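One chain follows as C-alpha cells, the form predicted on its own.
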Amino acid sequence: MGLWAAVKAERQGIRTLLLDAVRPASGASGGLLGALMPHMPDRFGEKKKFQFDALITLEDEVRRLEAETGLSCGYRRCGRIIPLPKPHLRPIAARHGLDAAEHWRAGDRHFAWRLLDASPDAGWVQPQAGPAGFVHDTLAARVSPRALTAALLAAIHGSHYVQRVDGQRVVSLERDAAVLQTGERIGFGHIIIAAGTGSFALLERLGGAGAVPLVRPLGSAVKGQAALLKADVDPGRPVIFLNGLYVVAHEGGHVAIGSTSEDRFEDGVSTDEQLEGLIARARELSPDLQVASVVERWAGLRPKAVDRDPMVGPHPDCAQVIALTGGFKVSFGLAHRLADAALAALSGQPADMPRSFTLSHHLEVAGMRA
C-alpha cells in the first residue's frame, strides 16, 4: 500500500519521503501467493462493488507500470476453479451464477461464474475433489507479489519527488513529526501510515491527552505461511481454491501454495507442520503437483484491522495523519485504489470508498467514539 501511495504521489508531483523500517516489501508484501480473488457475487453492496472495480482497474495500472519500467508484474486474469465437495453447495453455486451475470459487468465486459459437472482439467484439479461439481469463475486473477513490488520500486527510482530511506523505524508520532528509533524527529505536512502490522500501535496513540482510550486494539497481526513449488504447468491455469487452500500457477514453472491464517503463534516468520499440511493437501488436490519439489517456504505477518476491512483515511483528531493499512488478504487487489483515497485526504477531498474502510469507522469499532 505504501509503495502504491509513493508511486501515485510521484505522478502528482507531491514531494514525498518514503521511510521503511527495513526495506520496502520486506514484510507480507514480499510473499509468494498473489491470488486476486473476488468476493462472492451475491449481496452486491458497496464493498463488493469497490473490490470489483479495483480488480478491473488493476489491469490498467499494471499495464502502465510495465510500460514505465519495462518490468513484468506477473499479472494474469487466469480465473478460478472451486471444487464443490458437498451436494448442498451446488444450488448455491447456481444462484451465484445468476448474481454474477447481473453484477460482474464492466462496460461491455462480462465475467462469469459457471457451474460445471466435472473438472475442466483432470491433471490440474482432481475430479474426485468436486463430487457435487465445480465452479469456474473468469474474474479472478493473480499477480507476482515480488514482481509487482519490484515494478513499483522501479517506478519511483530516481524520482524528482520521492526520496527513499530504508532501515529507519518510526516509533511514535507527534502532530507534525515522526520520531525515529534513533530519536531523530522528521517533520511533515501530512504522513501516510502504511507500516503493515506496525501501523496499529502508531495510530492508537494519536488523539492527544483528551482522547478516549480504546477498548480494543485497532488491529492485529495474522501469520500466514506459503510455499513455492517447481512444476511444469501452464502459467495460464486458473487458481484453485478449496476450503482456505489456494494453488496459484505463476510464470517460470512455479506454483504457489497458501496460506494459513494464524492468530496465535510464537514466531511470525518461521514455517512449521501447518504449511506441510497445506502442501500435502495441494498434492492430493492437483495430480500435476504430486512430485513437484518445494523450492521455498515462507511465513509473514499480515495486518488485520479491528473490523477486518482495510483501514484508510485521516485520523479524526489529527487530520494530517492518514492511515493506509489493514486489508489482511485483499491488499494486492485494492491497494492502488486505496492509495488514491489516502492521497485525496491530503487535500481534504472525500474518500471514494466504503465508510467501513475509514479509520474513523475502525476507531468507533475499537471503542474510541460513540
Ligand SMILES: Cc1cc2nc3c(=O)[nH]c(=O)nc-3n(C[C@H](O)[C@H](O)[C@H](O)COP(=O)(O)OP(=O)(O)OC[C@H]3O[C@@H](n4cnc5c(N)ncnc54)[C@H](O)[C@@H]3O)c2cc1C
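Quantities reported herein were computed from a predicted structural model and do not represent experimental measurements. Position 1 is the first residue in the sequence shown; the rest follow in order.
Unshown form predicted in complex with the named molecule; subsequent notes refer to it.
Does the trio 123, 229 and 295 actually contact the named molecule in the predicted complex, every residue with a heavy atom within 4.5 Å?
Negative, none of the three is within 4.5 Å.
Within 4.5 Å of the named molecule in the predicted complex, counting heavy atoms only, one of 296-304, 110-118, 130-138, 94-102 shows up; tell me which.
Only one stretch qualifies here: 296-304.
Exactly one of 339, 35, 322, 65 has a non-hydrogen atom within 4.5 Å of the named molecule in the predicted complex; which residue is it?
Checking each option against the named molecule in the predicted complex, the one that comes within 4.5 Å is 35.
Within 4.5 Å of the named molecule in the predicted complex, heavy atoms considered, which of 153, 162, 147, 170?
Checked against the cut-off, the match is 170.
Determine whether any heavy atom of residue 328 comes within 4.5 Å of a heavy atom of the named molecule in the predicted complex, and answer yes or no.
Judged by the heavy-atom cut-off of 4.5 Å, residue 328 is in contact with the named molecule in the predicted complex.
Classify residue 15 as contacting or not contacting the named molecule in the predicted complex by the rule of any non-hydrogen atom within 4.5 angstroms, answering yes or no.
Although the named molecule is absent here, residue 15 would stay clear of it in the predicted complex, with no heavy atoms inside 4.5 Å.
In the predicted complex, does residue 21 have a heavy atom within 4.5 Å of the named molecule?
Close contact exists here: in the predicted complex, residue 21 approaches the named molecule to within 4.5 Å, heavy atoms only.
Do residue 224 and the named molecule share at least one heavy atom pair within 4.5 Å in the predicted complex?
So residue 224 counts as contacting the named molecule.
Which of the residues spanning 24-48 lie within 4.5 Å of the named molecule in the predicted complex, based on heavy atoms?
In sequence order, 24, 25, 26, 27, 28, 29, 33, 34, 35 come within 4.5 Å of the partner.
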